[in-house]
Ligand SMILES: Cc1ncc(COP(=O)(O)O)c(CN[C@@H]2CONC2=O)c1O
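Okay, here we've got a single chain as structure tokens, the form predicted alone, with questions on binding and movement later.
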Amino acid sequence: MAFDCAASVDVGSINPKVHKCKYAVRGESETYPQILEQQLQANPGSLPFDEVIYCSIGNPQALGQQPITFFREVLALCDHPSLLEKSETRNSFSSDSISRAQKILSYFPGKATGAYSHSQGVKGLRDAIAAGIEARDGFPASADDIFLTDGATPGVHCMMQLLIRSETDGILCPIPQYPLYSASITLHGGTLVPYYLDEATGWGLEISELKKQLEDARSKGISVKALVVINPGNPTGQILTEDNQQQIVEFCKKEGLVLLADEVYQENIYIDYKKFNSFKKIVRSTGYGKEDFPLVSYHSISKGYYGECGKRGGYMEVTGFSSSVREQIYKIASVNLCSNISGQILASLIMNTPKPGDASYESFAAERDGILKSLARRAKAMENAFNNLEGVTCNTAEASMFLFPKIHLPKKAIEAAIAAKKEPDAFYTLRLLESTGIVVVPGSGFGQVPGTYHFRCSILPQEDKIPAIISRLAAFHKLFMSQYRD
């Protein structure tokens, strides 16, 4: 008798970890707006807005940001090396992009970017990244510690796969958090141990809160293996002080925790008196050597001023692990053969940009500074707009690509949300979308203090669209609060 394989697969028969896993920045927050976009294309004028504006995910180039010319010139020459043999290339490409592409191609057997690389990534590119880390931090870095990945995400999954054995293994994770962490912890069968950032102090990270949550987890029989720190914050947009980072390092050392440092927004700083310091720099400055402190640092080409999300490049720097554990990390990397080569090249470029005196430097610096200054203006405009709304408060936009305002919803709105079987903040963001076409993500997808409501809003729509977004949002919010006022 024939067996119907398709009929045997349903939600009840798949891996329960997959069913349990949630990822707020995709799902309904992405699919429903796309349905509305299709409706607008098929029936213009059928909705109360003429376009859907995505303030939901960190995808700069999808919202009009242009790629950095130097990066794309080098990438084009690497992918099509025969251009280097043509005389007209020197009239179309900068001299330093040509020399950089020639140097990068020398790392590849056969000068072929379509071939597999070493599982950690091309050695010459890892050397370049290590040199960039050393220049940034002032402490030595080694290519042997660099694992090139398809964005930061696979690096996070790698460490969760390594550290988590069962539900009795826990990972300390900030709340609010980027849902990659809760999703990956769930998929790999562990337990998320939440620690709450303090909104009243600008999303501060309090060591007393870490201790409290760690002790509580241990009292329940959970073996806490690592601490996740997102700096600059996502979705909260804060930057940790150097003193706070030192406290975190000492806490991890005392408690025997691996520090997982998500630093993908290190270029996105909007406050003049604030400075990004990597945890690698803090660990070394505190006096811990390469073998003394288990640290994994993540970076990505998707963020910063480059916004190369679709190229899927990034790296993790892994230090402080025994050689036997490092062999297991390499094994996990080897299962995936290698990360994509375009992403590897771009990861090396963001850590080794044109320097003063290089042919591309002035145009590169103008592009970089123009993007970052515009993002800073957009962040401040959105912050001010949120703080001018009734019942809404928003902390200072210090960094990253997002704001995470708190909304004090009327009791009637909460009751309407419950009747609609929605989280109250999801109810609000859905009404916002259907009324204005503006897409934001409810705070419940990132975690929040119980009884509080937020939403995450990106600052990535182009600057000339920000006034219209603010105007639409203000008009909607006024009507919403009037409709549900207690």
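The numbering used is simple: start at 1 and walk along the sequence shown. Everything quoted here is computed from the prediction, not taken from an experiment.
Heads up, the form predicted together with the named molecule isn't pictured, but that's what we're talking about next.
- Between the options S348, S300, S97, N268, the residue in contact with the named molecule in the model of the complex by a heavy atom within 4.5 angstroms is S300.
- Checked against the named molecule in the model of the complex, the candidates P174, G170, G151, G121 yield a single residue with a heavy atom inside 4.5 Å, and that residue is G151.
- Here the chain stands alone, but in the model of the complex its contact with the named molecule, taken as any heavy atom within 4.5 Å, falls in 230-238 among 213-221, 230-238, 273-281, 82-90.
- In the model of the complex, G445 stays away from the named molecule, with no heavy atom inside 4.5 Å.
- At the 4.5 Å threshold, heavy atoms of F402 reach the named molecule in the model of the complex.
- At the 4.5 Å threshold, heavy atoms of R312 reach the named molecule in the model of the complex.
- Contact annotation for D145: none of its heavy atoms lies within 4.5 Å of the named molecule in the model of the complex.
- For the partner-free chain shown, D262, V264, Y265 of 251-284 come within 4.5 angstroms of the named molecule in the model of the complex, judged by any non-hydrogen atom.
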